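This document opens with one chain alone, in structure tokens, the form predicted on its own.
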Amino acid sequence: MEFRPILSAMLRNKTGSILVALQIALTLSIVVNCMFLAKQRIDHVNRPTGMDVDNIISVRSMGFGTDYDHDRTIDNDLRLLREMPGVISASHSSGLPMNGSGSANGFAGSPDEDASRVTANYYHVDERMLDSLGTTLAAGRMFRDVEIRRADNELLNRMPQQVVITQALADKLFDGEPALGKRMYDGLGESAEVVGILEHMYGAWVGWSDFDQVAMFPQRTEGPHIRYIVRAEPGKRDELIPLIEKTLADSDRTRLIRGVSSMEETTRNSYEGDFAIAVTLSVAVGLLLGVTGLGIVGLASFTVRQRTKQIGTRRAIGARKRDIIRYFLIENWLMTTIGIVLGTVLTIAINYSLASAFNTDQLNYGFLVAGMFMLWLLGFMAVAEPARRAAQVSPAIATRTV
């Protein structure tokens, strides 16, 4: 089939053809960028945390009254927790990773005042924290029991002598050199020896670019607040939550047990905004494709009604039904292709603007190719029914309308 008659027909109805091509161009640019941004949000949510998130329980205790003894309460709580069937490990901690709240400070790998400082999310923990989080050491060791400062230690406000840090923080502090055995300095010039390096672990703030820069110090927090991190055996988490709350509440009436919850729930809440963005973008893509498809159907149906006599004449001089169908499919393919060419330029321009303005990643062109094939398929599906109706036009129409 020659393209010239089809192009001539499109030029005679150039307004409709131009509008559909522009709609396809806009659809391609919006759909591709939305899909790319949604995929980024999904990848952001699915990042490996370095922790056994599915089996971790968080417990908060708040002491009150004159009889409350912070260190004694922690000792008793940890004993009860570690003795419970189904518990792998239990530790005290100054905070909970992935919950959007925590402490941070600037550290350096050198005592020089002009040394560049690296911001790290830090936690005060005990010697069993790695087992409680399900994290793994890449090198070195975890703290020893004798190194943990108790809450009544007079040096509690000074930097501890040991620290365990993530590999990401070690690389930043020491420019990729081996960090084990070196000292990490705070803003006051005090230092701690790096005794262990974690393979990978995320901190408190899911939206922070340096999310994996984490440090742990061997220390208890001052009362009356304390958090426990409990790691359950697989499948035991949900049945342990009410049992932990009751056991700890009954064991000591000088404090309150609050916020017994799974880390999975905490993580889900922290990523709520990312989920909302991904869902919103996905819905927008679906609606836009639907509107574009309806636009193609509408133009094709209008064209069929407008060309009824022309179709009947072609049928009368020997055109087969499949020739009529092929005619409309090729016409639609040409409009879609013109729109895709324009949309490709627009897509790249929009992505470049977004990347420059918001410091996002450059477009993965696999999404652009997928968008092209999606719109070609959409155009084919949208015009199929009007083309089928056109093929049903009787040759007698050519004479009936003379």
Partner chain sequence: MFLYNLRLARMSLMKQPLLTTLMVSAIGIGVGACMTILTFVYVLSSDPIPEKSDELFAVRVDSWNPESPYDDDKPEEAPWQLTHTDAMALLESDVPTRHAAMRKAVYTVVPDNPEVAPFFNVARMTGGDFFEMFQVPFLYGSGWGPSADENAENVIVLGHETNEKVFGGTNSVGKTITLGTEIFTVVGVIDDWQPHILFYDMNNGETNPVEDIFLPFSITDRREINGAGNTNCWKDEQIDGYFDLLRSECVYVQFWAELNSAEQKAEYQRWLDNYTEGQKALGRFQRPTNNRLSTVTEWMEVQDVVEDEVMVVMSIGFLFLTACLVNTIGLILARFVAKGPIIGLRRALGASKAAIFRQHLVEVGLVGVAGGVLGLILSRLGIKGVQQLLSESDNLAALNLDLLLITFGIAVVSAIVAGLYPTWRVCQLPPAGYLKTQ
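The structure presented is a predicted model; accordingly, all values stated were derived computationally and were not measured. Positions refer to the first chain, counted from 1. So that the term is clear: the rigid core is the largest set of C-alpha atoms that superpose within 1.5 Å between two forms.
Quick note: we don't show the form predicted together with its partner chain, though the next part is all about it.
Visitor: Taking the partner as it appears in the predicted complex, which of 212-220, 139-147, 281-289, 79-87 has residues with heavy atoms within 4.5 Å of its partner chain?
Guide: After filtering at 4.5 Å, what remains is 281-289.
Visitor: Please identify the residue among V53, L375, I30, M335 with any heavy atom within 4.5 Å of its partner chain in the predicted complex.
Guide: The residue from V53, L375, I30, M335 that makes the contact is I30.
Visitor: Between L299, I226, V206, A232, only one gets a heavy atom within 4.5 angstroms of its partner chain in the predicted complex; which residue is that?
Guide: Residue within 4.5 Å of the partner: L299.
Visitor: Does each of L26, C34 and G273 have at least one heavy atom within 4.5 Å of its partner chain in the predicted complex?
Guide: The answer is yes: all three residues contact the partner (heavy atom, 4.5 Å cut-off).
Visitor: When the contact criterion is heavy atoms within 4.5 Å, does R41 count as touching its partner chain in the predicted complex?
Guide: It does: once its partner chain is placed as it appears in the predicted complex, R41 has a heavy atom within 4.5 Å of it.
Visitor: Mark D171 yes when one of its heavy atoms lies within 4.5 Å of a heavy atom of its partner chain in the predicted complex, and no otherwise.
Guide: Although its partner chain is absent here, D171 would stay clear of it in the predicted complex, with no heavy atoms inside 4.5 Å.
Visitor: Would K246 sit within 4.5 Å of its partner chain in the predicted complex, counting heavy atoms only?
Guide: Looking in the predicted complex, residue contacts with its partner chain do not include K246, since no heavy atom lies within 4.5 Å.
Visitor: Would R305 count as a contact of its partner chain in the predicted complex, using a 4.5 angstroms cut-off between non-hydrogen atoms?
Guide: Answer yes; at least one heavy atom of R305 falls within 4.5 Å of its partner chain in the predicted complex.
Visitor: Mind listing which residues of 40-72 have a heavy atom within 4.5 Å of its partner chain in the predicted complex?
Guide: The stretch touches the partner through R41, M62, F64, G65, T66.
Visitor: If the two forms are fitted on the core, does V304 show a Cα displacement reaching 2 angstroms between this form and the one not shown?
Guide: Superposed on the core, V304 moves its C-alpha 2 Å or more between this form and the one not shown.
Visitor: Relative to the superposed rigid core, does I350 relocate between this form and the one not shown - that is, does its Cα move 2 Å or more?
Guide: Where the cores coincide, I350 still shows a C-alpha shift between this form and the one not shown that is 2 Å or more.
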